[in-house]
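Next comes just one chain, in structure tokens: the form predicted alone.
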């Protein structure tokens, strides 16, 4: 690999600051820091985003329209010509008598970049112009042998640099400022040649053997400088042995941290709740219908956890309308019947209010005392509620995260339920769980113990149940919720019929309103949902209000048309919801506030205006508000103008399936893990090389191997090897993953 002999003083370590790599220095180190590159390890994990086969580049004469190709040719001439719409830069390159035209739109900046006689590598899709001549539009390019770029003259002689460019598979790196792909090739090659050859391998030999993993050093060399015989398809899809090793490294140490956290939780002292005949009868009394098999299974898993002497840490996920809330209330009864209090935290006041209404309707007939605590309550009311909580008079306490952040004292807190709806970030969830773990919060009426948190009259940790109504793809659950056990409700309650979904353009609005009118004439109700996007909230709220007036005054003048949006105060929201539930409002125009709460079985139609502007998961959540009764329900997705390709895929998925898990998988692919929940989710590990959508199988393998390492004494793995892996995991966790603190 052309590595030269070095003295120990010249050797680079992974932790060496990147400024000490030859050719970088303090100024360029600042530029690299903007890309998250601070150390040699960061630099070596800045992987190529694609590769070019310059071992056997195509000749111009053998090119065919429609193919992607790499061409190395000589610059013949270039120039900028202007059209009425935009300037177009044209470059002509040649090999002997063969010529190829390249075009870039809006590229006046290129007019001084090329000189006749230069050798240039071009990559792009070959097309035929109107005259049948071949050309490449917007090709990626690299001028070969040009060392007059940032840092280039300090790196190597021209001929040595050129040897990295031609006659091999060449890595292509994302540029940053003046630092070109060629600059990165030279710098990374230099760093690899100067890297300490005795890199320790933190992954235990038994795990490496299970997956036939190559060494870290070999992986780095082969990812940056592939062998001539390497599969080009494997390189582009990150499936070479080198890629697999680097990807597995990241996933393994995340899963190792989560597995260790799970084991540590199991070692804590919890509450061993009793589940006897008296408790079972209490649960049966509150059930409004016969539970589904999935609900029974989920409750059995939760109850099993609650009976153990260590704290429950469980995620309950169920598709919209699957009956997740009733399972949570059943779990609450187990705790209450054992003499403990239950806290249910929701991310918004409107959802907390909905849970409060549901709890009173379902639980109060069993004699259970439920209170609501949110930030908007008047101070006198807050003090009264806190007093009831502190004295143990309140058994189920529902509220926002003010439950934890405010000065609240529980007499005997046994179960914390967090209804996430993907609006708490991961770090917020863990912080809330940690506060309940610390169990040291006080009230406004009594001193707060040191450190904050909920005060308990026992040393036992409360159980924690995290709920979500958005189905989470397994890959995402393994990284976001890997420290939790998972229960899934994947059946709809009896009597529910799948919602019929149709997508129609705005010009068919008269037909849509006619259909809505017929449904209401049959005794049903309808939602009309209007988007309010944060950055244009004022303007779009006015548009929603205008839509309400149009429906009320012109389209449905004989009906009661209501309006619900986030700017209304809590009392008005509650009044409007109550009126809709009692069928005093037949058409409810609403923003997405209904996504997390209103449950009206008589509502059989939902019209979503500008549906292409909603995220896929959000559309699915909204649709879940209908189809809650026995009558057939309809969701109409309206759109106007030209819809983007991604928007088309979202709308098509909604029409095609009601399965929340299929929708979640597609949403994850479309938006990526960071944006999966509509707003960037805090706490997702910041992977450098892994991609949890692409690398699902490796993620499963990483979880399996992490459990194998943590499991305990094993003849195939020594304690020293386990300790080495854990030490590396803790350093990686602190530096890169940032998901939770471990150990």
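As the structure is a prediction and not an experimental result, all values here were calculated from the model. Numbering follows the first chain given and starts at 1.
This next part talks about the form predicted together with ligand ADP, which is not shown.
Asker: With the partner left out here, check for me: in the model of the complex, does some heavy atom of residue 496 sit within 4.5 Å of ligand ADP?
Answerer: Yes, residue 496 is a contact residue.
Asker: Just checking whether residue 319 would be counted as a contact of ligand ADP in the model of the complex - the rule being heavy atoms within 4.5 angstroms.
Answerer: Residue 319 belongs to the contact set for ligand ADP.
Asker: Quick one: does residue 232 come within 4.5 Å of ligand ADP in the model of the complex, counting heavy atoms only?
Answerer: It does not: once ligand ADP is placed as it appears in the model of the complex, residue 232 has no heavy atom within 4.5 Å of it.
Asker: Just checking whether residue 502 would be counted as a contact of ligand ADP in the model of the complex - the rule being heavy atoms within 4.5 angstroms.
Answerer: Judged by the heavy-atom cut-off of 4.5 Å, residue 502 is well away from ligand ADP in the model of the complex.
Asker: If you check 193, 659, 599, 142 against ligand ADP in the model of the complex, which one has a heavy atom within 4.5 Å?
Answerer: It is 599 that has a heavy atom within 4.5 Å of the partner.
Asker: Using a 4.5 Å cut on heavy atoms, which of 171, 323, 270, 216 is close to ligand ADP in the model of the complex?
Answerer: Among 171, 323, 270, 216, a heavy atom within 4.5 Å of ligand ADP in the model of the complex occurs only for 323.
Asker: Pick from 92 to 100, 285 to 293, 523 to 531, 566 to 574: which stretch has a heavy atom within 4.5 Å of ligand ADP in the model of the complex?
Answerer: The contacting stretch is 285 to 293.
Asker: Quick one: name the residues from 627 to 648 with any non-hydrogen atom within 4.5 angstroms of ligand ADP in the model of the complex.
Answerer: Just 628.
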